[in-house]
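As a starting point, one isolated chain is supplied in structure tokens, in the form predicted on its own.
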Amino acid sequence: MSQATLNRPLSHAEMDAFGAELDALRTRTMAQVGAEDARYIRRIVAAVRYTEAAGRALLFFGAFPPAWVLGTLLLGLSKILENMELGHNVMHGQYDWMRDPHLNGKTYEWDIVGTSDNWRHTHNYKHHTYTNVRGMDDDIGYGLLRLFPEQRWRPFYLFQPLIAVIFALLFQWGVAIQRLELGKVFSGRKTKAELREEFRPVGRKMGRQLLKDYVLFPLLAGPFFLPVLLGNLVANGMRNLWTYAVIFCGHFTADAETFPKSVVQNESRGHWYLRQLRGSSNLSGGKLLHIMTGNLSHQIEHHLYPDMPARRYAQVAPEVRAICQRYGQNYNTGSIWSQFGQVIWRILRHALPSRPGKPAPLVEPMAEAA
């Protein structure tokens, strides 16, 4: 079924009403935020610390395969939780109301090679403001992949099935260099001196992370240097692959849409909400899946309400879905296997030349002309 069939265009009056309903839902939910949410995020902080400590301790006995496997899994779990449910959500300002300096969205620094400052710019600002707007949202293919037929095809994309695998394995490194915009250097729109200046904080962060995971902790293990180094490498790889899968499932399934730059001109609140909805995909599953994805299994709700504590997304999701149904909009959700299968299809299909179909309009043509 095409996107045009899944979604009907809204009149201006419907667009305003759509936005008002979603605004009202946000207001009601944010009024409930308080002690329960604070207890939850502090339990997540404790879980990150304890699983990391247990994982690293077990890796020090890495000569014993069961200890190495369990230690690696616990360390990988800690890194995933810190990245998804703690770091990502804290940096969105979801817990700024607590006035806890360790949970301050403007100063939190997470456990990956990329700097939080760069992430706040590329993700919190550019991606969440211009979600799936071609030429404005750098997350569309991350400058490496052609995932939508509206992206211009080049022979380079023939290699993207291989590039996608490498990108998944090294995902934190791709995030780290995203704001450097290396393509501008190659095209002459940015000087090498500018690149060096921008790289300094990134290089310092990369150095700290490499020193911690691949020098300091392996050295502390003494004779178990190599098992600890390998355990850290595998744990980082676990986080990279999981984060890649969750993010790609949230943005690049078959029914996800992209938009031209013109869509943001005089964009109303309802229009912005509708763009977020049509550019997002959810993952169905239980509570464990939601926690492990940082509640980005509710990517639709996250794009609608990025500063709402993510544990609240499961609460608002049924009402968001009901609102979508009332206004004739597809609520894109499915299992992780189904959604990731669609992502793989996009990667393979659009590695080859492809033409866009007729876009599904957001606003009724007559209303738009008026």
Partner chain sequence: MSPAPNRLLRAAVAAPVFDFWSRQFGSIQAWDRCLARVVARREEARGAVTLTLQPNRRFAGFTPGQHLNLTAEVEGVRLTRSYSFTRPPCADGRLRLTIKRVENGRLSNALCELRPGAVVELGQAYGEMSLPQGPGRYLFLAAGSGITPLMALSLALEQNPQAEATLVYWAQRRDELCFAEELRELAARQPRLRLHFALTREPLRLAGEFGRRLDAALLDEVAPDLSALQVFACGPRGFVEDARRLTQERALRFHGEAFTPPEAVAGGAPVRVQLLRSGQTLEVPSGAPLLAALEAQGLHPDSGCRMGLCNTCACRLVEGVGQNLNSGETLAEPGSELRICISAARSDLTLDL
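Everything numeric in this text was worked out from a predicted model, so none of it was measured. Positions refer to the first chain, counted from 1.
Keep in mind the form predicted together with the partner chain is missing from the figure; the text below concerns it.
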Each of 76, 244 and 336 having a non-hydrogen atom within 4.5 Å of the partner chain in the predicted bound form: is that the case here? no
Tell me the stretch among 45-53, 63-71, 323-331, 310-318 that has any heavy atom within 4.5 angstroms of the partner chain in the predicted bound form. 45-53
Only one of 93, 149, 143, 203 has a non-hydrogen atom within 4.5 angstroms of the partner chain in the predicted bound form; which is it? 93
Contacting member of 224, 272, 171, 157, with respect to the partner chain in the predicted bound form [4.5 Å, heavy atom]: 272
So in the predicted bound form, is the partner chain close enough to residue 165 to count as touching (4.5 Å, heavy atoms)? no
Verify the contact flag for residue 98: yes if a non-hydrogen atom of it lies within 4.5 Å of a non-hydrogen atom of the partner chain in the predicted bound form, no if not. yes
Consider residue 186 of the chain shown here, and say whether it contacts the partner chain in the predicted bound form, taking contact as heavy atoms within 4.5 Å. no
Check residue 344 for me: does it contact the partner chain in the predicted bound form (non-hydrogen atoms, 4.5 angstroms)? no
Could you list the residues in 126-164 that come within 4.5 Å of the partner chain in the predicted bound form, counting only heavy atoms and keeping sequence order? 128, 129
